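Just the one chain here, the form predicted on its own, laid out as structure tokens.
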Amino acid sequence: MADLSSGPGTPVAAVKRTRRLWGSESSVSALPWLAPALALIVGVVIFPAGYMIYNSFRAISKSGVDRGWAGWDNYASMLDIGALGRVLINTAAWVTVVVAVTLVISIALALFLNQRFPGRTAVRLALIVPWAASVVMTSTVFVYGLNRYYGIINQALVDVGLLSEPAGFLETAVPAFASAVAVAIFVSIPFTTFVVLAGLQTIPAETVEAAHIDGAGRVSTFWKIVLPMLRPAIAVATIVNIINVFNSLPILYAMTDPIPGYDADTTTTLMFKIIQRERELDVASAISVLNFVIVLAVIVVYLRVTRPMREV
């Protein structure tokens, strides 16, 4: 009997060729519908990223004149910045602490908001306010509130006995950086909470009830049933927060810009200061490429380690 499973003239090969042709035709016919999205991706993501990488290898004057190829000189100048090591440590601490603390608080809040209680809708709406408000406005409110001489937050801490006298939270690098971390957590909680809450809504109530019937307690049910099923939602919230926090400029700029030097800076604010103070667009582009590589590497490692879409 003839073998129908191989050979260019067999029915199986003909079916495969038909499927390839059909797939190609389907892809071509879908292009007009995908064109707007592709144009947006090219214009907003690919072109700016490519132009940034291009500028990082050019010698650009402070007036913006392109003087030609610079090779790796801009990256060498970036490495020559004395505070670069401190800035990288600040960046790692900034992203890790803000994302981790935000995630822990948001999971607790999401579990609370997933329960039925009077006024739940009002509480959910109130939680949106820090997210809906302008980050610059929120940061400015905290800048004034933490001021040593007229800040209401400072005075409130004195009134409740946590401080003996108003403190200069934004006058030195470490307290200013810690204050910025606290504000970043405050701003990041609403989005993360609602993403986790949406994940909780997808968990069937029957699954949790079955665990309770089998004798599992609340803590055991959370760790063994709820948390694994929340993995995709947590992964989305974590990735978005890593990108947002890593590239966050308004909070750090508003709260740490008066600090001399770069002791309270991350790579993002360092890049901005290089542009604003030194007018070195080429070196700032090199720092931007470093930012891009770091955040991409962090996300890839996170996805490889957590594997959020694997079977639960």
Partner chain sequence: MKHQPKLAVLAAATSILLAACSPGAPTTSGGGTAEGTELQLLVPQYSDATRGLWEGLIADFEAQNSDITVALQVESWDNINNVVRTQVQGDQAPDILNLDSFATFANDGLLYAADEVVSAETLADFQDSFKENASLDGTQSGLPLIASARALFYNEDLLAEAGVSGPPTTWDEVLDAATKVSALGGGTYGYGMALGSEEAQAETSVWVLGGGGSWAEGGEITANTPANVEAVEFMQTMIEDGATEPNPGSQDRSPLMNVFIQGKIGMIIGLPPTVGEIEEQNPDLNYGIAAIPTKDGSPFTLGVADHLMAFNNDDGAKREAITKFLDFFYARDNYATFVTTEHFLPVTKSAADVFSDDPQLSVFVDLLPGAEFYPFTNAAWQDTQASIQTLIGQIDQGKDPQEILDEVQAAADAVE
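Residue numbers count along the first chain shown, from 1. Everything numeric here is computed off the predicted structure, so don't read it as measured data. C-alpha atoms forming the largest set that superposes within 1.5 Å between two forms make up the rigid core.
Below, we turn to the form predicted together with its partner chain, even though it does not appear here.
Though the partner is left out of this view, residue 269 does not reach within 4.5 Å of its partner chain in the predicted complex, counting heavy atoms only. At a distance threshold of 4.5 angstroms between non-hydrogen atoms, residue 262 is in contact with its partner chain in the predicted complex. Its partner chain is not drawn, but in the predicted complex it has a heavy atom within 4.5 Å of residue 148. For the chain shown alone, residue 170 is a contact residue for its partner chain in the predicted complex, at least one non-hydrogen atom being within 4.5 angstroms. Contacts between 53-67 and its partner chain, taken as any heavy atom within 4.5 Å in the predicted complex, involve 55, 60, 61, 62, 63, 64, 65, 67. Core-superposed comparison between this form and the one not shown: the C-alpha position of residue 37 differs by no less than 2 Å.
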